[in-house]
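Here you get one chain, nothing else, as structure tokens; it is the form predicted on its own.
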Amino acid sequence: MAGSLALDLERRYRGGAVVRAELEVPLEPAGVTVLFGPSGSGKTTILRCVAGLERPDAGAVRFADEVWSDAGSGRWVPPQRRRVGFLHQEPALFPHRTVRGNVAFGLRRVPRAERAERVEELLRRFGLSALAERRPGALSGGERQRVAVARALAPWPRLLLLDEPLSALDAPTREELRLELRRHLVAAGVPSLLVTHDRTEAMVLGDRIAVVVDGGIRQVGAVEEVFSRPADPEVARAVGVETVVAARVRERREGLLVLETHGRRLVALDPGVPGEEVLACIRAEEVVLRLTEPVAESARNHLPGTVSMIRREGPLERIILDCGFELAALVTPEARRELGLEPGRSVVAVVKAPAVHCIPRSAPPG
């Protein structure tokens, strides 16, 4: 699908709250863009304006070559004509319908044979065939969410919108379904816009991320880029993790993972992540800088690098290193002076294995 979803809108509420969004989402098959930020920042408002469930007070929403809303001209395309799938926080299944009936709900105008084929395809894809005649009350939370995703995808939407899709689930189920949801979104080949305030979900599910703070979009980019190089202190506080880098598991031994990323070796604790593709996450305060390679050091990771940028952040200074990948560290101004840290200075970044947090991005083989 060519083009993009382009937003340049403003939504005003009584009491003075204002949500503004300027964002362009490429309409790439299987691309997932995450609207990320704290609760109350305006993420769901943006999503509802795209769906047509709320009307912006100013600006426009465009999908490829279509204008869905334009406050200036009065142009407005109602939700049912946008061909958008919307997945709410709660599955909101019809309690009197079976799993099969819920999945088929959006296909009422499709010829019977084609409808039956589409429903069977989705039941198989989501592992629901054995549950097809059950009603929602007889399903687990995870099973209900699978039905909701299948129902949203059934009528071949051009865009899928997901509002905190895993937030209503208990923690173990949420962790189990993250990778499964990512796999289904990619397999569906439908561009998706997903709202979450959960950092792990943003990193696992998203390809691109737009950080929403205080009613406005503050930074947009690839997930690794935004988490590794927040544009300002507010974004840094929102994302909470400064270095996120894609890595491949090369070895598992004695409770440790040996990772390879950008030609460098990293050692991390093995939290039992499945698959071989992971995101290695390192908080800036866990990085210790040395001028030379430590002779005796309990930390398993010694990463030679070069200072590429220094930025003041309140009482601390953020040091951006080129270690084959970008690595952020936080130091006091006094430590910076003692180490003589300036752009171009060679240093060694020391990171303990427990400080490298791994998040899976692929399912285990087989």
Partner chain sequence: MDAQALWLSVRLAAATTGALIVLGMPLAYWLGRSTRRWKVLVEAVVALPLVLPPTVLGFYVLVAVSPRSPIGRWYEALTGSRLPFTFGGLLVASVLYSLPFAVQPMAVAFGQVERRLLEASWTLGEGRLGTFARTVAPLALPGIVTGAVLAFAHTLGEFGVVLMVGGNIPGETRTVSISIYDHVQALDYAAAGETAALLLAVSFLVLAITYGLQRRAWAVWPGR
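Residue numbers count along the first chain shown, from 1. On a predicted model such as this, the values are computed, not experimentally measured, just so you know.
Below: the form predicted together with the partner chain, not depicted.
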Answer yes if any heavy atom of Val273 is within 4.5 Å of a heavy atom of the partner chain in the predicted complex; otherwise answer no.
-> no
Determine whether any heavy atom of Phe126 comes within 4.5 Å of a heavy atom of the partner chain in the predicted complex, and answer yes or no.
-> no
Touches the partner chain in the predicted complex: Gly106 (any heavy atom, 4.5 Å) | yes
Indicate whether the partner chain has at least one heavy atom within 4.5 Å of a heavy atom of Pro191 in the predicted complex.
-> no
Is the partner chain close enough to Asp198, His262 and Gly344 in the predicted complex that each of the three has a heavy atom within 4.5 Å of it?
-> no
Which listed residue (Pro111, Pro172, Pro95, Gly74) meets the criterion of a heavy atom within 4.5 Å of the partner chain in the predicted complex?
-> Pro95
Single option in Glu90, Asp214, Glu277, Glu180 placed near the partner chain in the predicted complex, where near means a heavy atom within 4.5 Å = Glu90
Where does the partner chain sit in the predicted complex: which of 244 to 252, 82 to 90, 220 to 228, 263 to 271, heavy atoms within 4.5 Å?
-> 82 to 90
Output the sequence-ordered list of residues from 138 to 152 with at least one heavy atom within 4.5 Å of the partner chain in the predicted complex.
-> Arg151, Ala152
